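Only one chain comes next, encoded as structure tokens, the form predicted alone.
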């Protein structure tokens, strides 16, 4: 065994995000630091991938964000699978919400920064022994070839994960609860399954999302399945069998890229410091990785500990080696231990909500109802984001250190300006409707089907409503799922007693099954009845008039009315009218009257809902190919085309694109409007565009 290496102030065990950020912070302050890592090379596994607002601020302060490349928004977030918009914590925060960054990329950038600052990283070495002697700590390490070495430093920090060797060797006391539930997780290439976001199915919970490289991350839990000790990770056969039990889908033919299992073991050390040995990240607390909090807690621990060690070793601005008292290190424990405990509590609550069986559904419904209130949303979002909350905008917590966050130092995410940060935070994004929900009435065919397809393509979960043609509705759903979207069918015949109640029973059930909550972002009132061709105004009966108003006017009004309790603030309502309200065709006077009523719904509800940020607009199509036999007759199509300024008959997708615009963030400043989507029919006879 070689003589102890005395040329180090701090030894850090573990070259993950926490260890590398800590090492870089220490080196930047002039503290000599050495990192010990048992892996010979950095891992390329995706593992964690979510960064929260507080973590983004810490990275920005260190000039790291620009080196990570362009980060994309990670959606609104969740609490136990119930959608939670994390921007509610502090809407004015420059990094509000959550951001996607694979752990491997973060580690690579942090490692490069540490190397540039002179950090020594000793890879392929495992800690096997630890002893404290006066003012130093000695660590014995064993290399892969069997040789041993002894390292010495003033302080030793364990950043070596949930099965921390440092924690065990130093004798830290631990409290907590053993595992009762387990989730299987895998990245699998060569499979094609629908995207899912915490879908609670009859037999369990499943989630699936496609990575940029084409592989799919699946996570699955079977209700009632108990956690069991695992010496090795599960194989694909086990994951595939459980996935099929829960979803009915087969993925065993895929190629596994990464597999693991994680359980709800909950542990926390009673003290984050024992003499000259300290812990940070998962070494100090073990929790189920629900809500993406583990990585963020680890980075925030490391940032606070780095400031405390620098203060301890430099005398708060003195030279290295000019030590002061232990107060900074004691302050690290006092600040981070309660934060860790609070996080473990909210994670335990989320595990119950997410992985509990049908018995937790009443609690989920009640919590979802509470989360509609601004105060509740902001409280939970701040807890997960690591922020003090919206009442203290830009005053970020200091984690027990004297290094206050300075907004003027915060840099934007690469490729995203400060101006566009606000855009990225919006629930309904520019051209993207990821993590939103939509109801499109009458969407089994025609304009309704085209609208459902377009909204789903933009990322929305779409409820496909139909009255009688179940096969057509299921075909719409199949078309959406074939393209990787998400949808489900809902049946309700409009214009009859109990119609809206039946519609919303099916809608709310479908939303809860797939998202854990009955919340709506977009409502498109498209369903309608028409009068037969060739019926003169004097031939319209009272019964026919009543039927048209019941389907075309009464039902949309009641649907909007019922939807108000489900619609999020900032939501969208789009009512489909007709160019016939501006273009005389006596044979369609009764139909046009009902569509005129729809336009009044738009006008008055737009004013009524403006305070909630909900936009309400009318889209008025002209002659549009809805798949009826009439559009198979060339002569008829040619005659109809002459009515358009563009000299052609409209396609259903032409109208759907207009609806999608109004449903997106691009349409945020349009409300109470009548949008002519008739291809210029209302301009009069076509000119030279035939």
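For clarity, a rigid core is taken as the largest C-alpha set superposing within 1.5 Å between two forms. These numbers were taken from a predicted model, which means no experiment stands behind them. Numbering follows the first chain given and starts at 1.
One more form of this protein should be noted, the form predicted in complex with a small molecule, which is absent from this view; the next part is about it.
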Next item on the list: Although the small molecule is absent from this view, report whether residue 211 comes within 4.5 Å of it in the model of the complex, heavy atoms only.
Entry: no
Notebook entry, point to check: residue 60 near the small molecule in the model of the complex, any heavy atom under 4.5 Å?
Noted result: no
Check: Closest heavy atom of residue 80 to the small molecule in the model of the complex, within 4.5 Å or not?
Finding: no
Check: Within a 4.5 Å heavy atom cut-off, is residue 64 in contact with the small molecule in the model of the complex?
Finding: no
Check: Do all of 73, 94 and 99 end up near the small molecule in the model of the complex, with near meaning a heavy atom within 4.5 Å?
Finding: no
Check: Taking the small molecule in the model of the complex as the reference, which of 522, 88, 218, 580 has a non-hydrogen atom within 4.5 Å?
Finding: 580
Notebook entry, point to check: in the model of the complex, which of the listed residues (128, 600, 585, 270) lies with a heavy atom within 4.5 Å of the small molecule?
Noted result: 585
Check: Of the listed stretches (149-157, 102-110, 375-383, 524-532), which one has a non-hydrogen atom within 4.5 Å of the small molecule in the model of the complex?
Finding: 524-532
Check: Superposing on the rigid core, is the CA of residue 33 displaced by 2 Å or more between this form and the one not shown?
Finding: no
Check: 2 Å or more on the CA of residue 640 between this form and the one not shown, with the rigid core superposed, yes or no?
Finding: yes
Checklist line | Large Cα move at residue 649 between this form and the one not shown, threshold 2 Å, rigid core | finding: yes
